[in-house]
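Next up is one chain by itself, shown in C-alpha cells, the form predicted on its own.
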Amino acid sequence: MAASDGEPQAATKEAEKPKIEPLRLPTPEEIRGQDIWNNCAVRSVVSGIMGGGLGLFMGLFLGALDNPLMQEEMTAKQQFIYTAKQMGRRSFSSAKTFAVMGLIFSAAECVVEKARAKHDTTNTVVAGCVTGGAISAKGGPKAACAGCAGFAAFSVLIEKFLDRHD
C-alpha cells in the first residue's frame, strides 16, 4: 500500500513543475528591424507622422463640433460649407501641433535615453520638459517654464498610467 500511495505523489510533483520554454533567438530580420527602430531619427520621424495623423483626426472631430455664430440666419448649405471649412482649418492646425509635439518628445526621450543608457521615468520628465518648453517658447520665458513643468507633469502621469517602466 505504501508503494501505491507514493506513486500519485510523484505524479503530482511532476505535474507541478513549470515547463521551461526553449529560448528562441531573434532572426536576422528581427535584429535589423530593432536596429532601425533604435535609431533616434527614425523613431522621431515616425512619432511625428503618427502625431500628425492623430491631430488630423482630432481636428476633424473638433471642427465638426463648432457652431457658427449666425446659425439661425444661415441656410443648410451655408452651415455645411462653414463646418467643412472649420474642420479643414482645425485639422491642419491640430496636425501640425501634434506632429511637432510627437517629433520633439520622441527625439528628446530617445537622446536622453541613449545618453543615460537607462530606460526610466527621468527620461520622460526631461522629454516632457523639453517638449513643453519648446512648444510654449513663443510666449516668453515664463510661458516656456510653465509649459516645461506642465508637460513634464503630464508626461509622468501618462507614464505612470501606462506603467511602461518598472
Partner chain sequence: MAATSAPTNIEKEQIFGMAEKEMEYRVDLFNRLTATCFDKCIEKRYKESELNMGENGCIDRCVSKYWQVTNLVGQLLGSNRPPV
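Positions refer to the first chain, counted from 1. For clarity, a rigid core is taken as the largest C-alpha set superposing within 1.5 Å between two forms. It should be emphasised that the depicted structure is a prediction, and the values quoted were computed from it without experimental measurement.
This next part talks about the form predicted in complex with the partner chain, which is not shown.
A heavy atom within 4.5 Å of the partner chain in the predicted complex is found for exactly one of 135, 126, 110, 99: 110. Contact annotation: residue 115 falls within 4.5 Å of the partner chain in the predicted complex, judged by heavy atom distances. Taking non-hydrogen atoms only, residue 38 approaches the partner chain to within 4.5 angstroms in the predicted complex. Figure note: of the listed segments 57 to 65, 137 to 145, 117 to 125, 44 to 52, the one touching the partner chain in the predicted complex, with heavy atoms no more than 4.5 Å away, is 117 to 125.
The rigid-core alignment places the CA of residue 26 2 Å or more apart between the shown form and the other one.
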